[in-house]
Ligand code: PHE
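In the form predicted on its own, a lone chain appears below as structure tokens.
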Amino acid sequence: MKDAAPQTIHLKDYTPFGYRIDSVELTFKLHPTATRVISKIAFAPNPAASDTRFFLHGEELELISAAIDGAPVTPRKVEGGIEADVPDAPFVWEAEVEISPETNTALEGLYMSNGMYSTQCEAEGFRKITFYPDRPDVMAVFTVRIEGDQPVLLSNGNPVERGDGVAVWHDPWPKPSYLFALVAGELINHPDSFTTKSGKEVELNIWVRPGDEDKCAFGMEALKKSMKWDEDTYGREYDLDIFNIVAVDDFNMGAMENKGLNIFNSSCVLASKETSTDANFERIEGIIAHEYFHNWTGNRITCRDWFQLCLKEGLTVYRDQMFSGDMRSHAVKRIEEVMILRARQFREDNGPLAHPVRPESFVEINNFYTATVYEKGAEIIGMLRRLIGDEAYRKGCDLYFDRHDGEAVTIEDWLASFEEVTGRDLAQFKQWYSQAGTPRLKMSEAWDDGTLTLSFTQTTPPTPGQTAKNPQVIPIAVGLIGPNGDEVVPTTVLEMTEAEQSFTFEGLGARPVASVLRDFSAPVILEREIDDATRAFLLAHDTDPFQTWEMGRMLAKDTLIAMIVRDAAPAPAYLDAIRAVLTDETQDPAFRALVFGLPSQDDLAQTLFDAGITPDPQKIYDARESLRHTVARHLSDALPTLFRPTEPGTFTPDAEGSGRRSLSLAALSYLALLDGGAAATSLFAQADNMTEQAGALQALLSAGLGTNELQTFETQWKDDRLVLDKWFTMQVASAAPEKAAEVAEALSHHPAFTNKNPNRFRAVFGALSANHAGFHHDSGRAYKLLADQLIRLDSLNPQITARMSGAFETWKRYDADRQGMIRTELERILATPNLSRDTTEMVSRILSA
């Protein structure tokens, strides 16, 4: 049945729930199609609330019985749940409901994944389990009894009772319902332990399906490193007797931080050198850290309402970024973070889906798990730390943890701790949370007898619902480099607060070159007149790794834009500069690999659009391919030296090893254009690790080769679901523009394809939308294909459908014919009978551009 007309929820309308909860007791009698959930909840009036209506959320529940203080009652069914008349005093609510996990394809609430029971309750999935005030500001202590014939029965907290067909779990820490978790199935644990700084021993387990036991060791080490890092860096110890992680195949998200029972998409925890790439290892390390860090930034202290989602997510992303930098390379990690921010969040900020880091309203909260909330939210934390310094940041965090432990809080509560510690007024800084869009920072320079003046003007373009923009607080990290390449002024943070502002550097002997926005000190677009010679100078002499990479990227982008717009030849300055960096053995190999990379087709399309030029996806593709071949020929003598396969039996997934492989495989991708794929074919045949096997196959496919290797790969890995996802993705991602839709459609009919598994669906259709020239081929075939798939998927999994519809968000960049074709498909999606609320909101927002 189609949802009722979507109702917009506004931040300004927040009111506390009318009742607090003293305790929750849940009993689950598991059955694939008829699970019974019995709840016993102790309520009491909330003196802080003005609305005393007793309303409990509930969706897709069959109510068997209900009682208040032991007396049967018949609640009133209302939109989104039930209401009842209750005493004006403490009372006990009891209810029994029936649900069907096996038919729950939306993967929200309690569902089944290949015979295993699992839950996903964030943001509003608990209301599909039982009637409850399913909102983050209602926190309670849970005791959970699970009855079933599965050998492993898990829930939040500490085990109280374990027996044949029964388990009881008690979580002593109050939590909102979105952090509830339950898992039941045939699982095997990879055990370990961790001793906290105060001497408490914690039992650790990673639970997996039989056959995956050999893929847990890396994840366990990442967990222990995360626990120690949080103690050392933030002073936060773990607070339960046990910490469990479970790998689940069918999962909408990457992972979920449920208190003491983290549930992970299998792709985000299972790892071995034979089946996982270096990128997989790094991602797993970061995600395990992220979910563990939520124990304090999200669980012990949670968000008052879903408008504060960035408070837990932005802060925790920042924490996992710092952890990953400490484990690997801060310089490389920072560049990768900026690449992701620009590719996802800047795109979001500049389109119809733009919204503040803390939105003012939403229809479906699932649609706001966005790059703006996560990545831009993390950038705000980084700017705050940069402005107040490391010591004040730590003191502010300590005060926040001490003051709000066990509470559901707001952005204002977070910032108040830092205002108290520093004495600063952060009112203007708070605009980063409320103002959408990416600021444009225009810079000019003036030199006068030993004094350099840097002048900046900041503007933020209008975004949906926000036309007028105020000046932001922007930390601009600047260093000055003398004509001889020496740094004459080390990194200095300029604090910009006005629409126009100038800063001077005096007493300089000669005019220096300014290195501006070091370490990408603020999420802004810097507009600066700078010639290729200056960029090449900074590429050679800048001490800031981000700026070094940025100059190389800008040289590459300018070269490509000139090739696209003017049919120019590749710039010699770029070719010479990239050779100098790539052959510099003193540089980190991982950094050199990043310099090797070319700007993405999507990045080039946005750059052209911002310059007032309608991007032609085919021309962008052709120019990029032409430059790839030119770079390969220019570096033909150096590529064989840069390509250094890992010696058999020596693979390690650490920063050093992955850095070497990233540079080697980057060189291989160019070498394959020159040697007919000989080196890649040899590596594919002899590699003893997935990084090099998949890297060799990708190099062959990108060179238009590899048909036999593709078949070999499928045959070898057809029984490994996660590796087979890679096989699907590589084919679509590497397909020529005119073939991309055809390849994706053919793969959608492959026996191993299913749209019920989010990983597999994304492997094909996420790859199609990321194949820029293929997705935007002038035939429009990819637009129609994706729309067909989304219409089919929506009734099964609205969350994934809504997120995948974001592939169309940049439609206004392109020519009238492409816009017309995309509009037709979006309108067709929107006209689908019984379209979910999730997808309706997303498609409507995209069409409103």
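Predicted model, so just to flag it, every value in this text is computed and none were measured. Residue numbers run from 1 along the displayed sequence.
The next section is about a form of this same protein that is not shown, the form predicted in complex with ligand PHE.
Distance criterion of 4.5 Å from any heavy atom to ligand PHE in the predicted bound form singles out Q120 from the list Q120, S177, N689, Q731. Interface residue among A540, M253, I340, L674, judged by heavy atoms within 4.5 Å of ligand PHE in the predicted bound form: M253. Shown alone, this chain has one stretch from 568-576, 307-315, 321-329, 277-285 that lies within 4.5 Å of ligand PHE in the predicted bound form by heavy atoms: 307-315. Although the partner is absent from this view, Y369 contacts ligand PHE in the predicted bound form, with a non-hydrogen atom inside 4.5 angstroms. Ligand PHE is not drawn, but in the predicted bound form it has no heavy atom within 4.5 Å of Y238. At least one heavy atom of E291 is located within 4.5 Å of ligand PHE in the predicted bound form. Ligand PHE is not drawn, but in the predicted bound form it has a heavy atom within 4.5 Å of E257.
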